[in-house]
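A single chain comes next, written as structure tokens; it is the form predicted on its own.
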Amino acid sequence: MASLALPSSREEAWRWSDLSALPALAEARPSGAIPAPDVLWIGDGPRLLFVDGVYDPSRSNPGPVEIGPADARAARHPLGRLAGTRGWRLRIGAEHMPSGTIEIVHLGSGGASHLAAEIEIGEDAQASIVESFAGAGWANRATGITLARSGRLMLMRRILGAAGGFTSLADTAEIGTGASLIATTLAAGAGDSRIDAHLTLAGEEAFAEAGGALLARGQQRHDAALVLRHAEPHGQSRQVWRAVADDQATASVAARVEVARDAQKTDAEQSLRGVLLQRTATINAKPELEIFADDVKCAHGCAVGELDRGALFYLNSRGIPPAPARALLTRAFVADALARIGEEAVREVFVADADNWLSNSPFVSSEVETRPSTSLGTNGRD
């Protein structure tokens, strides 16, 4: 793909991203060797399996999800526009809501796969979706989301790709009056990632929450860039991001809140925090507020540093050795972002994936107490 046009790091929105591996991944051919998807399923609700971006009907139970053209509305996004319109769509009304969480698993065997998705939640309807990304190569996804009055969507994603791979997500959402969108992402694999979202609170009393945990080691790079725009009065938004970086890895979060002139009584909060497990690692955090209304409540908090020495000393004084004490504090730090997941079974799996990542960190040692993880590719192995 000689015509692959990628944004430059000289552009402000891409200053911390490293896309240098994408041209080679775009030219590579899938090998056909994929991990077994069975251990990635969490529940017994509707499920879809995509292998190298191609739908596998023999191992899927789509329920209300349709396969076909999708309006991702990502034409302006440099990576999202590559997805085109081929993919899946979910249209839910209050009279036909799915029973159980909808699960979508994306497996890659190398090369690049581009896929679009469209989610439309009708008035008073609700849905929960889990997307899991595992295997090798470049998984590029673009999703368009529309929530009608009082619609509710919980969107949970875990990125578990193998080393040398890349996962890019581009979301565009319009949230109607009284509607609610909660999006949580866990990056706990061995590959790199780029997460983009542009969420518009287009109706009064709309609610949006976006966040998650970025876990990076070695030479990894995770990059998240989000914009939450308040267009109407009485909207609420929350952004909660936690980043952990080890070795020479880099984790970056740029989060912006835009409040339009007519969006009075807006209540917006941002919390961006990072922990450096070694001083050779890098965490970038950039909270932004752009406010044109005069009757709002907006706040942001940003902190990057090492584990609290006072807390470590306290745990040591209570008989907890240094390595388990570091593990305990790091786990609690990450769990703060994952606690927003409302589905208990899903939350437990996400926490287990994070624990699995922590258990392979020399800094916190393998003494961290973990539950069995269902993830694949977190260490670059199937």
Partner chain sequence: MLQITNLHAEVDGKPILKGLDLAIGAGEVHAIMGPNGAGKSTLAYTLGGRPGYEVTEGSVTFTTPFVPSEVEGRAASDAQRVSTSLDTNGVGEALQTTGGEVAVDLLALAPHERAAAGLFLGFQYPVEIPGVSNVQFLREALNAQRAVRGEPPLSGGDFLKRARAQADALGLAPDMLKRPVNVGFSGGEKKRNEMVQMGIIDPRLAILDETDSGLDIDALRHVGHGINSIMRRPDKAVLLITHYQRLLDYVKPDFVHVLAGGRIVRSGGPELALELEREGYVGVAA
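Heads up, when I say rigid core I mean the largest set of C-alphas that superpose within 1.5 Å between the two forms. Residue numbers count along the first chain shown, from 1. The model shown is predicted, which means the values in this text are computed figures rather than measured ones.
Omitted here: the form predicted in complex with its partner chain. The next part is about that form.
Of the candidate stretches 324 to 332, 339 to 347, 23 to 31, 57 to 65, only 324 to 332 has residues with heavy atoms within 4.5 Å of its partner chain in the model of the complex. The partner is absent here, but in the model of the complex a heavy atom of L315, alone among A352, L48, L315, I42, sits within 4.5 Å of its partner chain. Using a 4.5 Å cutoff between non-hydrogen atoms, A311 counts as a contact of its partner chain in the model of the complex. Comparing the forms between this form and the one not shown on their rigid core, the Cα displacement of G305 stays under 2 Å. If you fit the rigid core between this form and the one not shown, you'll see the Cα of I34 move by less than 2 angstroms. Remark: with the core as the superposition reference, the CA shift of A352 between this form and the one not shown stays below 2 Å.
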